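One chain comes next, on its own, written as structure tokens: the form predicted on its own.
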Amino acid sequence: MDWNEDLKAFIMSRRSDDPLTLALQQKKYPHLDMKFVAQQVEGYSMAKDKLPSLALCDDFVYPPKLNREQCSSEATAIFKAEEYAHGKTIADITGGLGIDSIFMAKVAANVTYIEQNNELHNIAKHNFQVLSLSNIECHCTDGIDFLIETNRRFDLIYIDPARRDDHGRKVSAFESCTPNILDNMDLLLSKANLVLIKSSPMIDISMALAQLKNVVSTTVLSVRNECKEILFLCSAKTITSSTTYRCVNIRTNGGMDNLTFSRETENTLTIPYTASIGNYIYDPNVSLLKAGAFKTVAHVYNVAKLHRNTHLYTSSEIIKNFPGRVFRVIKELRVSAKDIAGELPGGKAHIIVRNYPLSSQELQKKLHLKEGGNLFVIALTKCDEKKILLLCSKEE
């Protein structure tokens, strides 16, 4: 990578161009690596949303597409730094583009970044320098080999294993990732007080907890109600109590929904079920659903569940701080395209289906509706097994 002011100026002048078109212009600009130029333009476009503060740095270099897709977002990296990195010595043994190392270094005592891919290592090292992060030490080697060979012990090891198989297909189980965390769990715990494992949002949490050792907490981390990461924090010390579950959703405005619970409490809670629809319907965010906090959320926010398998809740008075979407009920609808047309003259609505015999696409087709507008049709099954449609508006 030959980064210089002329190359930077050229890339900045082409940021609004189509990356594919740029990549095909090698003959027009024989003195420049146009594939690299296209990579930077495409990377900047991605970073404006995924890495907004880093996109402001004109000297920041972006790696190939696959590596950009696999890196943490700025929102999740900041969360991990704030939660786990303050004042600590950290080894990021699967460094990648180094996004987590960057934000951890802002609050940690020091960060040891380890990445075996030479291109990625050089890009990350360049970025650390232009961001003036002098407390990051870089090593171009395999992370597991580094731990085997080093005599150092860290406060925290962070590991984000590659979730692609030999054919490039996405995987989620620990034994299918690289490195295999299960094979190296004892090594990891021998080299740090704490080990933070980032896993796929598709992972089976119960299976993961059965496979890992000494899990202190399990965090389901979402951004704008899209599940991004499952984080397992493991301790070198033997843990006698069960893991704590945290459900976190980082909202669009930067605020955060945060609910903590235990599996034992969730399993023993008794909550109200109702077949009577109140004035408001509540749809929990995906972190709560992924973690399985179905009864805990009803207990904490004093709302009634509509059915054991319908993860929607209701109340007569609005609960302003509910961690999820809140809808005001306008009326119950008949499952009739003609009647629906009378309520929705524009023929548009957003459809939500929960524990209902039709999918959202099937119901949309049956009701002759188009996606859009400001109203919602919620299809659900109540605890009396009656299947209904509700016309609702979303509370902001």
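All residue numbers refer to positions in the sequence shown, first residue = 1. Worth saying up front: this structure is predicted, and the values here are computed from it rather than measured.
Keep in mind that the form predicted together with a small molecule is not shown, yet the notes after this line are about it.
Among residues of the shown chain, Ser217 is not one whose heavy atoms approach the small molecule to within 4.5 Å in the predicted complex. The small molecule in the predicted complex is not approached by Leu188, whose heavy atoms all lie more than 4.5 angstroms from it. Though the partner is left out of this view, Met256 does not reach within 4.5 Å of the small molecule in the predicted complex, counting heavy atoms only. Residue contact check for Ile230: none of its heavy atoms lie within 4.5 Å of the small molecule in the predicted complex. Note on the partner interface in the predicted complex: the residue among Gln364, Gln39, Asn355, Gln70 having a heavy atom within 4.5 angstroms of the small molecule is Gln70. Only one of Thr141, Ser262, Ser276, Thr150 comes within 4.5 Å of the small molecule in the predicted complex through a heavy atom, and that residue is Thr141. The partner is not drawn, yet in the predicted complex one stretch among 313 to 321, 285 to 293, 92 to 100, 203 to 211 has residues with heavy atoms inside 4.5 Å of the small molecule: 92 to 100.
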